[in-house]
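Before any questions on binding or motion, here is one chain by itself as structure tokens, the form predicted on its own.
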Amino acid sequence: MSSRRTTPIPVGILAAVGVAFLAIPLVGLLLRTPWSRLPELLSSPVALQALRLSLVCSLSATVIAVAIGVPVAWVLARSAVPGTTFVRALVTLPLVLPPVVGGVALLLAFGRRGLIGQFLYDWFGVQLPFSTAGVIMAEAFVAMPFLVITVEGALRSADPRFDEAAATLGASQWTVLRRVTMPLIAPALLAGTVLAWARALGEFGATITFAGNLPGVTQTMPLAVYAALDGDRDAAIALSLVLLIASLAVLLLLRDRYLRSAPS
């Protein structure tokens, strides 16, 4: 017998309204896309600069998120260090923090007169705000929690007996990590990495607050869309379409390969 139940009519109507509310703006974007001018718009110098910068910065931010996010997830899932509850709340805070507030926090911490930024500037001449490095930092700040949450969940659900069995057979901690633990959580790690990259690619608020909107230096695709709205609206739509396609591809990848929880 099928477990599916008949949907009450009021619930179905409200569900249809909800789907329409989310779908109509996207349909409007597709309908207003200047398809005949799309190659011209996407090959313009501004668009190519924004696309290149977005790819470089989002990929760099993802590498940083993986490099420091996986150890954080490990500590939260497997360590008995006191205060992990507070650390978890701190790490996941950027998920709910308004991006512009994150940008202000980064500015106060790493600006020329910031908590740490003043020493970076005075001692090494390094200025992170309004630079490409600042874009990467802002994107990593907002993207890393997605990876941490995904990997921590996988580590918690992974059966620790496999690690214990390998250690009993004489494998070192590094060997256990490399040959047992990492293969077990590989799908979740890949899913978290893709989510972090997608979040970094679409970051706007923290980036414009901390790094500004300088063409060729800090103007990523979301910032280029914002700038184009005041001038060439077709260019803004074309760049928006690229971001929409990237986001859709990420969702399809995760849904079909890594986040499928039950057969249809």
Partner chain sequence: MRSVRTMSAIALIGTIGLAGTACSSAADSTASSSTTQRATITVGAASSLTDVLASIAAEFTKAYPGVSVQFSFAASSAVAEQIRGGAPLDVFASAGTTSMAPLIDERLVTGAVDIATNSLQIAVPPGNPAAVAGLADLAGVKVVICQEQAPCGVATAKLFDHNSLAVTPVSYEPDVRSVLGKIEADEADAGIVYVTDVLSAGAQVVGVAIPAEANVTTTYQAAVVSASPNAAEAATFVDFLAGPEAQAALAGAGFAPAP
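Numbering follows the first chain given and starts at 1. In this text, all values refer to a predicted model and were calculated from it rather than measured experimentally.
One more form of this protein should be noted, the form predicted together with the partner chain, which is absent from this view; the next part is about it.
With a 4.5 Å heavy atom cut-off, would you call residue 145 a contact of the partner chain in the predicted bound form? Residue 145: no contact with the partner chain in the predicted bound form.
May I ask you to check whether residue 221 falls inside a 4.5 Å heavy atom distance of the partner chain in the predicted bound form? Although the partner chain is absent here, residue 221 would stay clear of it in the predicted bound form, with no heavy atoms inside 4.5 Å.
Wondering, does residue 40 line up within 4.5 Å of the partner chain in the predicted bound form on heavy atoms? Contact with the partner chain, no.
With the cut-off set at 4.5 Å between non-hydrogen atoms, does residue 112 touch the partner chain in the predicted bound form? Contact check for residue 112: yes, within 4.5 Å of the partner chain in the predicted bound form.
Counting only non-hydrogen atoms, which stretch in 51-59, 31-39, 191-199, 223-231 is within 4.5 Å of the partner chain in the predicted bound form? Among the listed stretches, the partner-contacting one is 223-231.
Using heavy atoms only and a 4.5 Å cut-off, determine which of 132, 92, 84, 127 is in contact with the partner chain in the predicted bound form. After the contact test, the surviving option is 127.
With the partner chain left out of view, which of 136, 154, 76, 107 would have a heavy atom within 4.5 Å of it in the predicted bound form? Here the answer is residue option 107.
In sequence order, which positions of 204-236 have a non-hydrogen atom within 4.5 Å of the partner chain in the predicted bound form? Residues within 4.5 Å: 208, 209, 212, 213, 214, 215, 226, 227, 228, 230, 231.
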